[in-house]
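Starting off, we have a lone chain in the form predicted on its own, written out as structure tokens.
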Amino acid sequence: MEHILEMKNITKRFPGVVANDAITLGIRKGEIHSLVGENGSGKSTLMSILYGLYHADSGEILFKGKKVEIGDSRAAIDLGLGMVFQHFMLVDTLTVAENVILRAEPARYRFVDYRQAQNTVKKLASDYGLRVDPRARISDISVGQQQRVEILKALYRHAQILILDEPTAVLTPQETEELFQVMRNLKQQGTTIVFITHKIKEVLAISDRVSVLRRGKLMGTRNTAETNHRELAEMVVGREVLLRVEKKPSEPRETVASIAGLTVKDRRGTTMVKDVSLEVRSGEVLGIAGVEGNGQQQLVEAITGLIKPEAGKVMLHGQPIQKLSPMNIKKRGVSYIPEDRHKRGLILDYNVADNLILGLHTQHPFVERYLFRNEKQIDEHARRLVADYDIRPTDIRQIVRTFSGGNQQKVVVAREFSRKPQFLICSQPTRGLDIGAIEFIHQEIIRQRDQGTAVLLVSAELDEILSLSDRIAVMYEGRIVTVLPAAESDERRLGYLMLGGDLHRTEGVEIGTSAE
């Protein structure tokens, strides 16, 4: 079949690493082509070169058979490329139509023609099945709708090739299926799609072909209909991967953490957590399922002392901790993997060794008398965790800002898991990680549980919630609407509840509604 785009022998080097090693990749016109690989495998670098954000050291790009130079993103857009990034680039205070036309506004008598803009966006949305109101303000629409706006921005600029970077990371199963239908509509109308994802299940569900990168090299391209989950997982990681979390039944014991009548406002004064009561017991994983933005973040931040609740109590072994500082809460045996590793988990301009002792940096064995640093102990600790958690690069003096997102997350996970906590709070612990790293972290969470740790898991990945949890609490609009055994749950049921579905029935199936 005809290649609309070819990248030939693309090589890109950064100090100490070859990010892309002579990669040759062909994209066929009108196909959905998935790109998968470990963190640091070179996917983002390769697509950044294609979109003009990086320049290759060697190699060439052919578009419709002709060699092209893509010096920046404007050149990529003019060529017919569009890219939807994982973190949306929208202006919250503007409408959908205003965001779509930004920097490409239709004019009438030297003024922006907003009526034409709205009509154009409305027609585009209708043509491609992208249901969104052109007049709605970005701050008032869902994450799934915001993603459609990003796609509309690319289509408005006549994109022939659409690059989607981890597009399902913040979507519910229902929203993911809606996105897949949009992708099918785009394909039917001739748009070529490059789909970057860590989720092999999604690759098999939506793509025509899949290419796998590993450590900067192209490991191969497969027709999706002729491959399977196990083969792709082995191509990604380079070894056999456990596709399911192996765990024995939980043996919950005493209550470690209890939350009673907790009400929390965010920094703008909006009540995000409303009268929440929960218990987490030693030796169990309690999962919190919910569409992002329904109070999960504020619930976790109140438990960890980052914000003070308006009402209610947080108890650890029967003692109130809601008025303690985050440092003192950590000293009582609480470990926390935050959902925003940049804001809450790391000091980006510190090196690996220093980030691996954050929160312990004033304690033995990392300090001696008079608070002098024990550099030998700090270095030994860092080298052990770098090896145990496969953090790359392995240089403990390298600044964390220069690491890939996945390896930054490994630094946070290594630090928090190594503290042997009594209460472990994991908020989006595998976000941005590849299948091998996810497998490892899942095994570590279960190991913590089996050692008697009480684990609170918050994740937008329903596969993760279902695989790891012993009980699942569903959160909607700041409230816990039900808590039920994981064995009685599935993606369809949880997705329905997460969107505010009837609490007593999902698709005609009775479910529990008790809070404990």
Partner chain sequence: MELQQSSYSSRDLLVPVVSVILALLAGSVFILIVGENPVAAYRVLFVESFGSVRNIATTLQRATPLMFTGMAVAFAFRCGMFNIGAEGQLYVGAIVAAIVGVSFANLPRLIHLPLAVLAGMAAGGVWALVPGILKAKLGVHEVINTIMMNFVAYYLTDYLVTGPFHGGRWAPETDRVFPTAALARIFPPTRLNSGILLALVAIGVVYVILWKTRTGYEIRAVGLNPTAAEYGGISVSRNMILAMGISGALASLAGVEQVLGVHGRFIQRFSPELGFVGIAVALLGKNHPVGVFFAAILFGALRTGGAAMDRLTDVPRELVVIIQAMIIMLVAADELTRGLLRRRRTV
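Positions refer to the first chain, counted from 1. Fair warning: this is a prediction, and the values are worked out from it, not measured in the lab.
The same protein also has a form predicted in complex with its partner chain, omitted here; what follows describes it.
- Go through 410-418, 276-284, 117-125, 186-194 and give me the stretch that gets within 4.5 Å of its partner chain in the predicted complex, heavy atoms only. Stretch with heavy atoms near the partner: 410-418.
- Message: At 4.5 Å by heavy atoms, is each residue in M47, K201 and V237 next to its partner chain in the predicted complex?
- Response: No.
- Here the chain is shown alone; which of R384, R215, K247, R344 has a heavy atom within 4.5 Å of its partner chain in the predicted complex? Selected residue: R344.
- Task: Could you spot which one of V149, A159, I435, I357 gets a heavy atom to within 4.5 Å of its partner chain in the predicted complex?
- Result: By the 4.5 Å criterion, the partner-contacting residue is I357.
- Mark E375 yes when one of its heavy atoms lies within 4.5 Å of a heavy atom of its partner chain in the predicted complex, and no otherwise. Result yes; E375 sits at the interface with its partner chain in the predicted complex.
- Query: Do P326 and its partner chain share at least one heavy atom pair within 4.5 Å in the predicted complex?
  - Reply: It does: once its partner chain is placed as it appears in the predicted complex, P326 has a heavy atom within 4.5 Å of it.
- Query: Would H229 count as touching its partner chain in the predicted complex under a 4.5 Å heavy atom rule?
  - Reply: Close contact is absent here: in the predicted complex, H229 is far from its partner chain, nothing within 4.5 Å, heavy atoms only.
- Item | Distance check, P134 to its partner chain in the predicted complex, heavy atom within 4.5 Å | Contact check for P134: no, nothing within 4.5 Å of its partner chain in the predicted complex.
- Is any part of 359-380 within 4.5 angstroms of its partner chain in the predicted complex by a non-hydrogen atom, and which residues would that be? Heavy-atom contacts within 4.5 Å come from G359, H361, T362, V367, Y370, L371, F372, R373, E375.
- Given a CA distance change of at least 3 Å, are N20 and Q398 closer or farther in the predicted complex? Relative to this form, farther apart in the predicted complex.
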